[in-house]
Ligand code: COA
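Shown here is one chain on its own, the form predicted alone, set out as structure tokens.
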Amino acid sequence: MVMDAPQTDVLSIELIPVNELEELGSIALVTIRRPDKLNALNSEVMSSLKAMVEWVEATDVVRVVVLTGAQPNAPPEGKRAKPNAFVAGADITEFVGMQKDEIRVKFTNNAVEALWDLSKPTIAMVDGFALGGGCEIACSCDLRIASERSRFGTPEVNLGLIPGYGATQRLTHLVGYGKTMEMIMTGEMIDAAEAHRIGLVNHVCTSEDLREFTLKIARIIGSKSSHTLRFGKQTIRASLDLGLTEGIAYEAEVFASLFDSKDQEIGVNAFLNRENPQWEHK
């Protein structure tokens, strides 16, 4: 199954067991690898991300996806090292000469939406700059965990543009109308502490602890029933599109439907017997 993972020059996938016995499947640690360009999004990265999403959706091995950016390469002698980046935005060189019809296709059928639509849990592990498209990729994940040196921003206004990968919508749901207006209209960056304060990130830790802490959260999530997680994510996402009354009714229907699942019986019996559940849907 490892051989089937869609590895490319700009995207690597490391499979990390959820538990020591490797009986619960794996966490897919997905790394965008364009460190000399601060992991900026170009066409190759976007097509690789879409292929990764298709593969994750199709395989039973992967329980959780953790998405991150490559660390900077060692600089040539006498040169300054490049800064750390999750994704420092889109590769602007690809915008030159493009017309609106080309751009519309590029930004409608894209990897950010594919990542957003993935049925399995996703975590953005951010160490450094998450700007423009990088901030939008982070927003398309279910959780965001950042190092103290991370910076977030939507600087598209400085190019005479607005965000094109969903930030005007997803960022508003995460941090509110006023803060989204400020970030998009000023184009200014915020640090990790501010991102945590406003709810853009779930946790902040040191860069040294980031991988271990993120994998700890991923392992907790990966140990749950994949069937239940899928419906949980689906129901939470429905809250973005439904009104409160309709959303609560939808939740009740999904909750009731889970009583047809073997995992509900397994979970309840394990709780009553003070045992670890052995899920049918691993």
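The first residue of the shown sequence is 1; numbering continues from there. These numbers come from a predicted model, not from an experiment.
The discussion below concerns the form predicted in complex with this ligand, not included here.
Stretch 77-85 is the contacting one of 175-183, 205-213, 118-126, 77-85, since its residues have non-hydrogen atoms within 4.5 Å of this ligand in the predicted complex.
Using a 4.5 Å cutoff between non-hydrogen atoms, residue 36 counts as a contact of this ligand in the predicted complex. Within 4.5 Å of some heavy atom of this ligand in the predicted complex lies at least one heavy atom of residue 40. Residue contact with this ligand in the predicted complex: residue 159 places a heavy atom within 4.5 Å of it. Taking the partner from elsewhere, residue 114 is found to have every heavy atom lying beyond 4.5 Å of this ligand in the predicted complex. Taking this ligand as it sits in the predicted complex, the stretch 116-155 comes within 4.5 angstroms of it through a non-hydrogen atom at 129, 131, 132, 155.
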